[in-house]
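Shown below, as structure tokens, is a lone chain in the form predicted alone; questions about how it binds or moves come after it.
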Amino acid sequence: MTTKKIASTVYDWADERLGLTDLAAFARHKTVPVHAQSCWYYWGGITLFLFLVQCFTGVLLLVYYRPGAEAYESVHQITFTMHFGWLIRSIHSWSANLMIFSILVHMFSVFFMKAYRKPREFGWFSGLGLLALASVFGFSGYLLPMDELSYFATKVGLQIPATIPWIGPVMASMLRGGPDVSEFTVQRFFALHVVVLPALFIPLLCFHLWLVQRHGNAMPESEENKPAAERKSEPFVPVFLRKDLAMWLIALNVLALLASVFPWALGKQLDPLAPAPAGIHPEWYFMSPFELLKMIGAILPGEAGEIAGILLFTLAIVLWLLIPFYDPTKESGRRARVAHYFGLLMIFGLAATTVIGYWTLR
């Protein structure tokens, strides 16, 4: 039996059970719109690639990491003793930050392309859910080295949910595992980071990807208004897929450059009795709500300012989440313009409060 015949027999056997021919036919017929804003389509794929890097490097780190009282010693061993341990840890940390950044870029590109409109509402909701889970991924992973910086930054970060009326203090206490951040907090964050969050994130990611395949890529209104004969598209396989993989390669090169030239540092070992070092702050993706609470607290000192800040930020999130119901179709007219300006306001607000937050740390 020739090699070609063996391959054909194996393919037929798998095709009968898995429907490979149907899958190949779907891939051949799937197309991607081509227009001046097509570059934004790649950010979803870049996010997926960075998540896969997170999974791979996370498993490698998991082999040597020890949560609890030995957390710092295990990370120190990974960084300074294990061959290329510093590089794996640096790639893991940089890819986490780049993934959240790419999710934000992807989210705003989806918003301004109006890709939340009917029938893509669930794509919008699931994408925001993935952003929320990715933020918790970053927050829970930041504490795991249990060095001085991550310890005090986590204490500061837990002040944000603690300001939520009634349930906030209880939520913060459950996350800490006691009255203060300790080795029990590390154990809880570790379980959250490697078990609970992946169990939530991966099914939601699969659902999100399925919705993208079902509804296709959205087009800007300028393209939708063109006659069908004037719209351009390209096959997903192999044309767009080849470009997407090229973007993955570029992302890999950027990640490798950052991880090797700017390796992720490990801070000093924690001394709980020592005062907090100057300039402690949460990670950049939490700087906006942190600074907002500070700004409102300066106007309304005490509990009233904390509640007002939480309510304002929560209101913005709810309005952002429900935008598909306010601007449901391309016939929305005035609502579409209001939604557009709301998006610009959100970008400006997040950027301004983040920049101010870092500026005031100087």
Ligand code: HEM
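Numbers follow the displayed sequence, beginning with 1. Quantities reported herein were computed from a predicted structural model and do not represent experimental measurements.
Here the subject shifts to the form predicted together with protoporphyrin IX containing FE (HEM), a form of this protein not shown in this document.
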### Query
With the partner left out of view, is Asn217 within 4.5 angstroms of protoporphyrin IX containing FE (HEM) in the predicted complex by any non-hydrogen atom?
yes
### Task
Flag Tyr65 as yes or no: does it have a non-hydrogen atom within 4.5 angstroms of any non-hydrogen atom of protoporphyrin IX containing FE (HEM) in the predicted complex?
no
#### Entry: Partner contact for Gly127 in the predicted complex: protoporphyrin IX containing FE (HEM), 4.5 angstroms, heavy atom
yes
### Non-hydrogen atom contact Tyr41 with protoporphyrin IX containing FE (HEM) in the predicted complex at 4.5 angstroms
yes
## Note on the structure
Within 4.5 Å of protoporphyrin IX containing FE (HEM) in the predicted complex, heavy atom basis, the matching stretch of 150-158, 190-198, 129-137, 273-281 is 129-137
### Query
So which of Val212, Ile78, Leu144, Leu175 gets a non-hydrogen atom within 4.5 Å of protoporphyrin IX containing FE (HEM) in the predicted complex?
Val212
### Query
Ok, Leu293, Leu48, Ala316, Leu61: which has a heavy atom sitting within 4.5 Å of protoporphyrin IX containing FE (HEM) in the predicted complex?
Leu48
### Query
Within 4.5 Å of protoporphyrin IX containing FE (HEM) in the predicted complex, do we find a heavy atom from each of Met287, Gly309 and Ile356?
no
### Task
Check each residue of 93-112 against protoporphyrin IX containing FE (HEM) in the predicted complex and list those with a heavy atom within 4.5 Å, in sequence order.
Met99, Ile103, His106, Met107, Val110
